[in-house]
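Just the one chain here, laid out as structure tokens, in the form predicted on its own.
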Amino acid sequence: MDDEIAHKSDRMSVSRRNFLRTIGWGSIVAFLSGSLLAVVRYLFPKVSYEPSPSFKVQTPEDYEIGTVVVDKPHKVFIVREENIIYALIAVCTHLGCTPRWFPDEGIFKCPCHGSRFYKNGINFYGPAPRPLDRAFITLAPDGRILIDTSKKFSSDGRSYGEGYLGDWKDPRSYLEV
């Protein structure tokens, strides 16, 4: 009977070798699982989708003369003057911050370094080296305004990189109404 109890106690006890072997294999399995998870995560990266650079807004009749409409998702200011409508790209020409429209003052102010722009996009104060850029604008077949921010127009017609087409005199930089 004593032999039976001793034998049973030997089966229930875990030797140091078995314990370390279990810990070792467990560590290897955990490492390989983590590595596999990292590879799968690499193959399916997080993607942030930005709005399309080409989009439609309302019809010209929907904009009152003298107003500025802020389109935050597309980062444009749609300006309606008496005979034309144009879209200013809401990116400061100094360091790329987003200017804010202050309707009571009739100006755009950049919160980063204090640049200020008139309603037509021309800079008059601060470190911004040039006026805001305009976006390509045309009338879509359905009567709505089509804006493409990937096609830009600078005030002086100089090319500042890919996507610049010309200057503000180009009829593609404004819409006659």
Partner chain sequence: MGWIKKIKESRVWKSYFREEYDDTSRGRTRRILSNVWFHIHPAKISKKAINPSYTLCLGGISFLLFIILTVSGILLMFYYVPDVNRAYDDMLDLETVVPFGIPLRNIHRWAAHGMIIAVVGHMCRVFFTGAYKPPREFNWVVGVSLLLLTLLLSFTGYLLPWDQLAYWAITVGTNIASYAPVVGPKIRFLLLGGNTVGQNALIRFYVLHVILLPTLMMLLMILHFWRVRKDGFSRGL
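Small disclaimer: the values here were computed from a predicted structure and weren't measured. Numbering follows the first chain given and starts at 1.
Keep in mind that the form predicted in complex with the partner chain is missing from the display, and what follows is about it.
Peer 1: Can His113 be called a contact residue for the partner chain in the predicted complex at 4.5 Å between heavy atoms?
Peer 2: Yes, His113 lies within 4.5 Å of the partner chain in the predicted complex.
Peer 1: Test of understanding: in the predicted complex, would Pro141 fall inside 4.5 Å of the partner chain by heavy atoms?
Peer 2: The answer is no: Pro141 has no heavy atom within 4.5 Å of the partner chain.
Peer 1: Any chance Arg21 has a heavy atom within 4.5 Å of the partner chain in the predicted complex?
Peer 2: Yes - in the predicted complex, heavy atoms of Arg21 and the partner chain come within 4.5 Å of each other.
Peer 1: In the predicted complex, does Gly96 have a heavy atom within 4.5 Å of the partner chain?
Peer 2: Within the cut-off, so yes.
Peer 1: 132-140, 116-124, 36-44, 61-69: which one contacts the partner chain in the predicted complex at 4.5 Å, heavy atom to heavy atom?
Peer 2: Contact-bearing stretch, as computed: 36-44.
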